[in-house]
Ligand SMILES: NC(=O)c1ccc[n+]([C@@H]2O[C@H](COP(=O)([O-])OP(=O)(O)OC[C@H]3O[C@@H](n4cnc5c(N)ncnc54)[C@H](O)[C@@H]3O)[C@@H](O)[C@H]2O)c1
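Take a look at this one chain, the form predicted alone, written out in structure tokens.
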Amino acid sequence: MEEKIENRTAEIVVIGLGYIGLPTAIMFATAGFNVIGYEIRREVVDKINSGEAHIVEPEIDELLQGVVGSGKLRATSDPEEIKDREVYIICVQTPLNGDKTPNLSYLESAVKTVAKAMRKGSLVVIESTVPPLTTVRMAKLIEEMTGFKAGEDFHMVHAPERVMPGRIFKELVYNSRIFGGITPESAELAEKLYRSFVKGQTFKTNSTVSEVVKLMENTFRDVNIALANEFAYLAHQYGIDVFEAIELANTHPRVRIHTPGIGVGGHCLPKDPHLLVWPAREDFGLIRLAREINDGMPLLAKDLLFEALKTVNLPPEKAVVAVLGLAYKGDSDDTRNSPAKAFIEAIEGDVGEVRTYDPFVGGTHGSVEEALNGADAVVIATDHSEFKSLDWERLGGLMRTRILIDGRHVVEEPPEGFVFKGIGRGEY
């Protein structure tokens, strides 16, 4: 196996061609491996095989066309086409159930697919973010289905992705990577595989440490964003601009406060703290409280909207509200766990009409102008670059009532003639 990895003759199957799986498949194909992407969504398979990406990410279309055109990458939804390969990399979602417990059905289905396809000696890598001890459990599942022994007849590794949408290809190459093996030999084999394109530092450990590290990283960020959001609540009480206060506080050499906003979205941060504490025997108040604070931020935006409507004596049920942005982060089409959607759900039924515009997400109005024409209030829910240079004097002329709610600190100075409120902007 090592020799096949070193001379790039090992065949790689990537299970799940979403925001992580497709870029990962492209990188291995670019490094010279023959890669098969396995995806149950037939329309995604057809799109990829035509050289067209189904997700928005800088560089992805050009890179995909190159590896599809060279024959190094192809996609399939036929499990027969992925049998008897050397490497299987699992990049499927691990969402939460309604009660905030992990839904590992996608992962278990992928592992079963691999177990039916793999050969003796195969390397199985889980990139999906999972609760502690999951990789060990998945290895046992493969053992039960195949009769193979983990660490002897096959290799099993947890190698968590650590990238940010909008920077995926750069970070796949330059970010450090962690390889948690069922055995040290498994971790070493995975490290050699990923070294085909990774230029960042690499670290080897066991699979449970690797799982916990990934969850700790995102829980750290979530808890610190919750603290920043608490500061935003305080700013409204004290009548100050929290962003000015944070900027000044961050001049301290040992302080680095995060940025508050309308909420925390994406596939990772709203989910990973729950995964971290789910198998634990004790409750952990700080981690769970941080989740509650961040989940509650869309409701703060709703309060600011309704306060603004009250100042102009406009009943909410008669208000036309335009929401700018549906993605959870700027210049992305990723709407998973989007605070914008949570905000819309919170106001629907209480206001007369909700309109949306997002330049990266389909199913919205065609332009800012179209969304704001005749509207009473506009709420910025995503920090897309386009929204940072809007001409509010011109756009205000299209509106019936000039109310602007900034949930992402996109507007530096409140535009003249608007009733303006922003999360953490307590002085206005």
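Please read these numbers as outputs of a predicted model, since none were measured by experiment. Start at 1 and count along the sequence shown; that's the residue number.
Just so you know, the form predicted together with the ligand exists too; it's not on screen, but the next bit is about it.
* Asked: For the chain shown here without its partner, which stretch in 338-346, 263-271, 309-317, 205-213 has non-hydrogen atoms within 4.5 angstroms of the ligand in the predicted complex?
  -> Of the options given, it is 263-271.
* Site test, I15, A110 and T129 vs the ligand in the predicted complex, non-hydrogen atom cutoff 4.5 Å -> Checked in the predicted complex: all three residues contact the ligand.
* Asked: From the list R400, K47, H365, R41, which entry has a heavy atom within 4.5 Å of the ligand in the predicted complex?
  -> Of the candidates R400, K47, H365, R41, R41 is the one lying within 4.5 Å of the ligand in the predicted complex.
* Contact residue in the predicted complex, from N294, T94, T134, S122 (heavy atom within 4.5 Å of the ligand) -> For this set of options, the contacting one is T94.
* Would you check, heavy atoms only and a 4.5 Å threshold, whether E161 touches the ligand in the predicted complex? => The answer is yes: E161 has a heavy atom within 4.5 Å of the ligand.
* To do: Verify the contact flag for Y106: yes if a non-hydrogen atom of it lies within 4.5 Å of a non-hydrogen atom of the ligand in the predicted complex, no if not.
  => Yes, Y106 sits close enough to the ligand in the predicted complex that at least one of its heavy atoms falls within 4.5 Å.
* Taking 4.5 angstroms as the cut-off for heavy atoms, does V410 touch the ligand in the predicted complex? -> Output for V410 is no: heavy atoms all beyond 4.5 Å of the ligand.
* Asked: Does the ligand get within 4.5 angstroms of any non-hydrogen atom of I20 in the predicted complex?
  -> Yes, contact at 4.5 Å.
* Contacts with the ligand in the predicted complex - residues in 362-380 whose heavy atoms fall within 4.5 Å -> Counting only heavy atoms within 4.5 Å of the ligand in the predicted complex, no residue of 362-380 makes contact.
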